[in-house]
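The chain that follows stands alone, in the form predicted on its own, written as structure tokens.
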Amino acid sequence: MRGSIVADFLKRHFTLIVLLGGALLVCLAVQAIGDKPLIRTVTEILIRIVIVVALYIFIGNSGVVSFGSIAFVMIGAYASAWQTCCKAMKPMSMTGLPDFLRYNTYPVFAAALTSSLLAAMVALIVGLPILRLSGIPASIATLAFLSIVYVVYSNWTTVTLGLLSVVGLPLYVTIWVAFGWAAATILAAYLFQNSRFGLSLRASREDEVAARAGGVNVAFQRLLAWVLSAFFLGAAGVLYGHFVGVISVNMFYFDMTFISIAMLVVGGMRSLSGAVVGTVVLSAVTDILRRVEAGIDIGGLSISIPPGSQEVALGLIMLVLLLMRANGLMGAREFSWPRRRIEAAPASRVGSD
């Protein structure tokens, strides 16, 4: 009896088990190897998984491509910096901050939660008008939101230092901190997509008119996914800032938007597994190209590619992948419990009509 219960649990939640178990095994293996550059690379991939899976929560379930969600990464990163960084510098350089932020610093984990909640609150406010739109108008509206946030943060010099970098963020993000947030994001995305809210949202993705006729409040379902996505995107901004120790507005603009959406598309926009697979594949390819561009030694032979070749090669690889699999590597499929194929002999027909 217990065996059947366990087997049923494994079958029902095989996707979640594979994603979390795979990430855990990779972290354990990398930690055992002890190679610092490799540990740093895996930590960066885990942070990217938080970003791309958070994008999937909204884009994958709603079918509305958001070009502006990286704004929440920027909001989370700066909100955390205001709370945790540079106690000696803030009173002189960030004179526009309220006194409770300007003269105090707070624990990083508390700052991560409040920064993520701030991103979610902003998402709630801007999502009310934006998510009443559908299709291309909604996508353009999210892009306009990103541009507004970028311009405001670029010129709000008394709070964000404008185009200058904010330095001195405490470096607390380890591979296990990144794994914890990546696991939490994957779990939230999995629970949402299997909830009645996720099912209703995907129904509107397939046929919005039929979903509305069936009683689905499309605007509310989209808003719920948008806010949940923004919370984890804000957390990703916190992770990113406390991983590199430096942030600037240019980090969270078109470059991050392009590569994050590209990872989601390459893996499969309609699949949680695809979001993770696309992130891992493109991150690995990017890291290899970056190393080759810097120069590597193989058997005493130095191999390098010209500067700028990384972007060209990455674009060509993405083009080939999408030409071969237009719906991404995973399409709309998830990792599923392997099933045995049972081939039954065709039954002979007895008698005739």
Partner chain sequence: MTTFLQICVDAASLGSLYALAALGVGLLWGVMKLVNFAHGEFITIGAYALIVPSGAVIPQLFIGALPIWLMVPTMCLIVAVVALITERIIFRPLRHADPSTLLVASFSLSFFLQYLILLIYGGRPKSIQIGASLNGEFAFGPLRTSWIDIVTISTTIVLLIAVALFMTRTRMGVQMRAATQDFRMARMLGVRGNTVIATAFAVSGVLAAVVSFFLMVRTGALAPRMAAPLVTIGFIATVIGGMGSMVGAILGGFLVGVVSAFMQFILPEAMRPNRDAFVFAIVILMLLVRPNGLISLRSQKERV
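Residue numbers count along the first chain shown, from 1. Predicted model, so just to flag it, every value in this text is computed and none were measured. Superpose the two forms; the largest set of C-alphas matching within 1.5 Å is the rigid core.
As for the form predicted together with the partner chain, it is not shown, yet the points below apply to it.
Residue-level contacts in the predicted complex: of G295, G34, P37, G308, one residue has a heavy atom within 4.5 Å of the partner chain, and it is G308. Checked against the partner chain in the predicted complex, the candidates S139, T114, S93, T105 yield a single residue with a heavy atom inside 4.5 Å, and that residue is S139. Proximity of V209 to the partner chain in the predicted complex: non-hydrogen atoms within 4.5 Å are present. By the criterion of a heavy atom within 4.5 Å, F254 is counted among the residues contacting the partner chain in the predicted complex. In the predicted complex, the partner chain lies within 4.5 Å of some heavy atom of F258. The partner chain in the predicted complex is approached by V151, whose closest heavy atom lies within 4.5 angstroms of it. Against the partner chain in the predicted complex, the set A29, G180 and V227 makes no contact: no member has a heavy atom within 4.5 Å. Proximity to the partner chain in the predicted complex, taken as heavy atoms within 4.5 Å, picks out 141-149 from the listed stretches 227-235, 164-172, 141-149, 96-104. For the stretch 265-288, the set of residues having any non-hydrogen atom within 4.5 angstroms of the partner chain in the predicted complex comprises V265, M269, in sequence order. Once you line up the core between the shown form and the other one, the Cα of L323 ends up 2 Å or more from where it was.
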